[in-house]
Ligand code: GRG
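The data below hold one chain only, encoded as structure tokens and taken in the form predicted alone.
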């Protein structure tokens, strides 16, 4: 299956091309601006790993599209002058640089609200998906991504502890990666909202997501130091500019690279466990190696 083509085709259908509404146009601009699409790809890979199927169900595609909408809203808001104040995203002008701050704020709001509408809509047809919807909303909220962003803002200009940095990144970056990796499990197993019992496969998926999320962020911190905007598709040197605590500033450049390798190794150990249980993990092995070496 062509992951990229399927994901892009589904995203194109979210908003109409000629809406006549500048906020819709701005939301569509950011949603279709490209990018690695790692989170929907991870959702596809987990589904295929758990089911052994070559294709991906329509419901998984629906949730993958919804998650990418949430991720894109977070990027629009993250780039605003009141947050990271960035001019470049995915190699293109950020939403507020193209449409203005007010419209960009509304575009982010529209993406998030439409994502929530989609979650409610599918529950109407398939109430057995309520727990999957709840977890996606929760991990995007105060106990997840927004909570991490809150720590990030309150930590600007300060040196925070390594323990606090772990908490920040587990929430800000790791929460949506956990959503991507674990959601197919909830859909396949129709987890009961009132009794979300765990099992060893779910535990392994959550632990795997934790290591992968930290690896992604550590690599991001390293790239902010040694990459350039043309390669990265966004501004570099922001962490130093904003006096932020990162894995590079707290551990040092070389130790951060060691920590990256450790997180990748622990992720691979969990893949070994899943492989021993009969799951095909080749796609995720390629993903972990890509995250270790990615250039953008």
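Computed from a predicted structure; not experimentally measured. Numbering follows the first chain given and starts at 1.
One more form of this protein, predicted in complex with geranylgeranyl diphosphate (GRG), exists but is not displayed; see below.
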Interface stretch in the predicted complex with geranylgeranyl diphosphate (GRG) - options 113 to 121, 210 to 218, 97 to 105, 188 to 196, non-hydrogen atom within 4.5 Å: 210 to 218
Every residue of 12, 28 and 67 near geranylgeranyl diphosphate (GRG) in the predicted complex, heavy atom within 4.5 Å: no
Mark residue 126 yes when one of its heavy atoms lies within 4.5 Å of a heavy atom of geranylgeranyl diphosphate (GRG) in the predicted complex, and no otherwise. no
Under a 4.5 Å heavy atom criterion, is residue 294 part of the interface with geranylgeranyl diphosphate (GRG) in the predicted complex? yes
Mark residue 205 yes when one of its heavy atoms lies within 4.5 Å of a heavy atom of geranylgeranyl diphosphate (GRG) in the predicted complex, and no otherwise. no
Could you confirm whether residue 222 comes within 4.5 Å of geranylgeranyl diphosphate (GRG) in the predicted complex, counting heavy atoms only? no
Of 145, 182, 165, 133, which residue is found within 4.5 angstroms of geranylgeranyl diphosphate (GRG) in the predicted complex when only non-hydrogen atoms are counted? 145
The unique member of 160, 83, 137, 151 whose heavy atoms fall within 4.5 Å of geranylgeranyl diphosphate (GRG) in the predicted complex: 83
Could you list the residues in 168 to 193 that come within 4.5 Å of geranylgeranyl diphosphate (GRG) in the predicted complex, counting only heavy atoms and keeping sequence order? 172, 173
